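Let's start with one chain on its own, the form predicted on its own, as structure tokens.
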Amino acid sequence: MTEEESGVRRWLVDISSWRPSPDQFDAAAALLPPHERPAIARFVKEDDRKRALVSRLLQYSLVHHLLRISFHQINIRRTAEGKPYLQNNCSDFPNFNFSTSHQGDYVGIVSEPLCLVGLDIVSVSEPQGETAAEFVSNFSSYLTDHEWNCIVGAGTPRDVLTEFYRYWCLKEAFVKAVGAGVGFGFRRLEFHHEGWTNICICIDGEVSKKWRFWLFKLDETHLASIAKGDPEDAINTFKKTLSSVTIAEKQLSSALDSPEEAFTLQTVEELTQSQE
């Protein structure tokens, strides 16, 4: 089955290699609907504007590529919690949904036709003005006792920092997948793994067999996580955007257990040309 037929996509852009002139930046932004542009222009720093622009270009390019909808006809909206979703009718993929993330040098997007999907990218950067232990202690209330013990016992300060970011981006990916906002209690989630493979989640103390997780090392300083799971777990505002919330167990298991593929690197030039 081709990617177009499956509705699955994993795209990544390295923005450090994109150095647009002001005119080139404005030309790329002009491809987007007017209501998307203020969210880009509000950033002061150039890198922040680049991330915001590329995040939106990824969304529109992906929808155009998979569903053959022209840029000016794509209708992407957001729930009250800020979850982006496609408002256009999508009969081929009843639960078509996507998730974006950006930090450091990378901006990414993932999509699924049936399961919920969430993406989070983190840059494992050294904290400024405090030690790694002091930095991660700021987040101890978001971690379970099991996770905290794994983090502080990881080894060197760099190991502690990396271990923290692994757990953090997994939690973020799940919250993004279900469409929850910043008020979701991270401590409700606990992750277990075998050398960071076979990752499983406990939600409110109960092991869930309806979710799968993957961790990727993008380079020496960036990690990404993908969460894929049951549409029944979407929060209500996001659930209303899905056409087929209840999925037969066999169909859900098949979708969850399909092999996870690596990201495809895209360039901004490819994204801007894709709408032609």
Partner chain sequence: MASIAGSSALSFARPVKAINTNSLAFSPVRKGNTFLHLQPVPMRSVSCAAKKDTVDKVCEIVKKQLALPDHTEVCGESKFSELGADSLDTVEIVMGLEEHFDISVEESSAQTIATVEDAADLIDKLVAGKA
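Positions refer to the first chain, counted from 1. Everything numeric in this text was worked out from a predicted model, so none of it was measured.
Keep in mind that the form predicted in complex with the partner chain is not shown, yet the notes after this line are about it.
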Taking the partner as it appears in the predicted complex, which of 85 to 93, 69 to 77, 163 to 171, 193 to 201 has residues with heavy atoms within 4.5 Å of the partner chain?
163 to 171
Every residue in 126, 208 and 211 with a non-hydrogen atom within 4.5 Å of the partner chain in the predicted complex?
no
Does residue 141 reach the partner chain in the predicted complex, with heavy atoms at most 4.5 Å apart?
yes
My question is simply whether residue 48 lines the interface with the partner chain in the predicted complex - judged by any non-hydrogen atom within 4.5 Å.
yes
Interface membership of residue 130, the partner chain in the predicted complex, 4.5 Å heavy atom rule:
yes
I'd like to know whether residue 217 contacts the partner chain in the predicted complex, with contact meaning heavy atoms within 4.5 angstroms.
no
Scan 143 to 162 and note down the residues that get a heavy atom within 4.5 Å of the partner chain in the predicted complex; none is a fine answer too.
143, 144, 145, 146, 148, 149, 152
